[in-house]
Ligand SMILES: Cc1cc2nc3c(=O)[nH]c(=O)nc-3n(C[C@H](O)[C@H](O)[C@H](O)COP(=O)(O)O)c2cc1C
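This document opens with one chain alone, in structure tokens, the form predicted on its own.
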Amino acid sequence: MKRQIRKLIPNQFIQFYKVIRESSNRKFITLFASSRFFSSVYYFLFSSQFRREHQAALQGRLKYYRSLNDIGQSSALLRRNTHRLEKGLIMQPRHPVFAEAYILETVICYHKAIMTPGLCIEEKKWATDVLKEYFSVVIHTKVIAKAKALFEAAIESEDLKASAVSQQSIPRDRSSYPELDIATEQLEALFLRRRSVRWYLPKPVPQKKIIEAVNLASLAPSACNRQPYEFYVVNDMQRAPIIAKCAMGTTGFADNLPCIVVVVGNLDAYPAERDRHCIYIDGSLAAMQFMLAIETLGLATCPINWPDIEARERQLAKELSLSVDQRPVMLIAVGYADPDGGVPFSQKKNNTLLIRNV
């Protein structure tokens, strides 16, 4: 109906209306941007742009609190607190007493987690090893002694005793990590090779290469090691274009994309709104490592910006069965590059534009 009406209205009038609307909108925004209060009033009365994010943050918090008792394959609280213990263990100088404020919380969560049949084995081992190391070096105050007793009661099973002996999952000296055999020139070549490729050969993408790239991407840094993201893989030449078209900016090339990976952030990893941005930071760090890994495996990628548009949010959520607290970070096309396909030059800003010495 809207399209039919627009056909009846002269284009000159439409352009004039757009100019007047844009001018009025700028003056309107100038007024409401003058303070936080007026900005809140603006988005409450005149714009629904952030309503999905508001609900997503609250739903994420609610799921987080439920996860404290209903632990699945991974525990956000256990991962966060285990990493906090690691940072305490490597402190220079290390305090004789640390983590006293949250060690009971950690051990209680640990006990619930290891009683969960589906808990990730590596996560269980990591938490066990770090807690064992912590109790072996810290001075046992009344609180810490109580936490240690609970911990020892929790690891009575033989499998946990065996894993607790290993020292592989505790902090190590920097010198123990692998030496690099990569020159800066080689790294630059990889970065130059990784271009946003939009044209691909009609060739299936091996799932094992996706898995290998995700494993490498998981080594990316993450705030408190919570890794609040997942890779939704649509490795289907028929369905991948449908997912790609959910985003803007894929017009003209979406139909030739053999595989789409959607990086999805999980807000259920956080009890407070202050950390809601971490899904975008951590998800993007992992996405970049994923794309670089894919390049070394002989494939190419194209990151696709995800627009915060309600209709498209609903469309993608339906296609991928996403809950309200799950937020798309970006889409990534994956495939074998067509050697004759064009790639934009995309001139990059130089260091004089990017560096601000302060």
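Remember, it's a predicted structure, so these values are computed and weren't measured experimentally. Don't overthink the numbering: it's just position in the shown sequence, from 1.
The same protein has a further form, the form predicted in complex with the named molecule, not shown here; the description that follows concerns it.
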{"query": "The named molecule in the model of the complex: contacting segment from 36-44, 66-74, 299-307, 320-328, heavy atom within 4.5 Å", "finding": "299-307"}
{"query": "Heavy atom of residue 348 within 4.5 Å of the named molecule in the model of the complex", "finding": "yes"}
{"query": "Residue 199, heavy atom within 4.5 angstroms of the named molecule in the model of the complex", "finding": "no"}
{"query": "Interface membership of residue 277, the named molecule in the model of the complex, 4.5 Å heavy atom rule", "finding": "no"}
{"query": "The named molecule contact at residue 195 in the model of the complex, heavy atom, 4.5 Å", "finding": "yes"}
{"query": "Of 221, 171, 249, 206, the one that lies within 4.5 Å of the named molecule in the model of the complex (heavy atoms)", "finding": "249"}
{"query": "The unique member of 135, 253, 98, 232 whose heavy atoms fall within 4.5 Å of the named molecule in the model of the complex", "finding": "253"}
